[in-house]
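First, one chain by itself: the form predicted alone, in structure tokens.
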Amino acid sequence: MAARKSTKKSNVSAEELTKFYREMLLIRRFEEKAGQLYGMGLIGGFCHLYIGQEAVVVGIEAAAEEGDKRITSYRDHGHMLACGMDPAGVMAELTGRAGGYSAGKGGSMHMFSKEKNFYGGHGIVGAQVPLGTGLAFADKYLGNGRVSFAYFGDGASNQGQVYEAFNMAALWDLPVVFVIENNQYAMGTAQKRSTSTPDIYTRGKAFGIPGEPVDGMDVLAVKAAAQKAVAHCRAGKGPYILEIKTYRYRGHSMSDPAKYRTREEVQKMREERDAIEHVRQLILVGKHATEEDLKAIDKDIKDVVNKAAEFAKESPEPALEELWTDIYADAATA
């Protein structure tokens, strides 16, 4: 990953920096708690944590407007929180409880919120990309000026349906931003061992789709690139690709010991490139807040996360009748 560029931006307000800090810290503390609950056996199945990648979704959401849509893969908890979904409902779904966003039936990888225009959480690698393109097709058809964000990883970028989606999006000038969250490893395979090109965003050139690489450990850089991409889409110029180069601190999932990389590599990223610490330093150096102010924010967020965990623990398991909901439609009323 390239060295971080200077982030001295005089037009960034104290309020915005503090907002980014709070949103990224919420994702990290939430994911840390989810990891704890998984270890306690309260979360079953697969669980893919977003720790380290927080600046990606927070920066993208900073460029979104009301009515814009988002869809992503199984590493999705951060996306839910960033678009405003209730941490309690997300945690309850992770633990398979009735108070969850999918009534406890979807778990980590299959949550949805029509109110927040969040269309999943998808467990099949790359499957969300054509679905996100479909969301953009609907917006183009309706002429509503909305933009869809289709997130996927460096590993999914090698799936065939991604390029079918690129072709259709370019052919019909669809308002979709393809967000490649390149965290350097497709499960346990480094990008250089799985991808024939050093940069993935360049693959859009064959379809006439513009794109660019982005420092995914700098939320301000992500926001700036996202604003450019969104403006392109809203102007009716078709799709845009953002390859956001980031890094996950944990394994691919909770069951992954991540032996394909060294502890020193991860520690170096934590110490030198951490996205939350970067914003924290901008706040302190700019004297936008004190150490005590930031500690108070952290305490407040920990309270929110702890309450979400308690809500999940206290929420009942789904009733047996839930096995039949959302399965069939009444032909007489459908």
Partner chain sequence: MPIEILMPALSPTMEEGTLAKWLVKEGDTVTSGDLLAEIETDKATMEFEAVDEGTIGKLLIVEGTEGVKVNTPIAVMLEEGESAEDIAKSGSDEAAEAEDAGSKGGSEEKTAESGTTSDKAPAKAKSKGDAKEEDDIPKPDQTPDWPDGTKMRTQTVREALRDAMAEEMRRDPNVYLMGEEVAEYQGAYKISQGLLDEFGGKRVIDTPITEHGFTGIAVGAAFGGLRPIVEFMTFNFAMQAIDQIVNSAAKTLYMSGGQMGAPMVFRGPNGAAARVGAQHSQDYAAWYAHIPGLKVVQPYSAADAKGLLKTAIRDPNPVIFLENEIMYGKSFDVPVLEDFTVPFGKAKIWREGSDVTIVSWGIGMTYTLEAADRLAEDGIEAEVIDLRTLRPIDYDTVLASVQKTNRCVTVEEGFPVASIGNHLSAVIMTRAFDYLDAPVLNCTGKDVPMPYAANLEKLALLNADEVVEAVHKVTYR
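What you are looking at is a predicted structure, and each value in this text was computed from that prediction instead of being measured. Positions refer to the first chain, counted from 1.
From this point on, the text means the form predicted in complex with its partner chain, which you will not see here.
Annotation: in the predicted bound form, residues G45, G104 and H122 each come within 4.5 Å of its partner chain through at least one heavy atom. In the predicted bound form, at least one heavy atom of Q161 sits within 4.5 Å of its partner chain. At a distance threshold of 4.5 angstroms between non-hydrogen atoms, E317 is in contact with its partner chain in the predicted bound form. Residue contact with its partner chain in the predicted bound form: G96 places a heavy atom within 4.5 Å of it. Though the partner is left out of this view, P198 does not reach within 4.5 Å of its partner chain in the predicted bound form, counting heavy atoms only. Exactly one of the stretches 137-145, 171-179, 208-216, 87-95 approaches its partner chain in the predicted bound form with heavy atoms within 4.5 Å, and it is 87-95. Proximity to its partner chain in the predicted bound form, taken as a non-hydrogen atom within 4.5 angstroms, holds for one residue of Q227, T202, N167, S194, which is S194. Contacts between stretch 239-267 and its partner chain, counted in the predicted bound form as any heavy atom lying within 4.5 Å, involve D256, P257, Y260, listed in sequence order.
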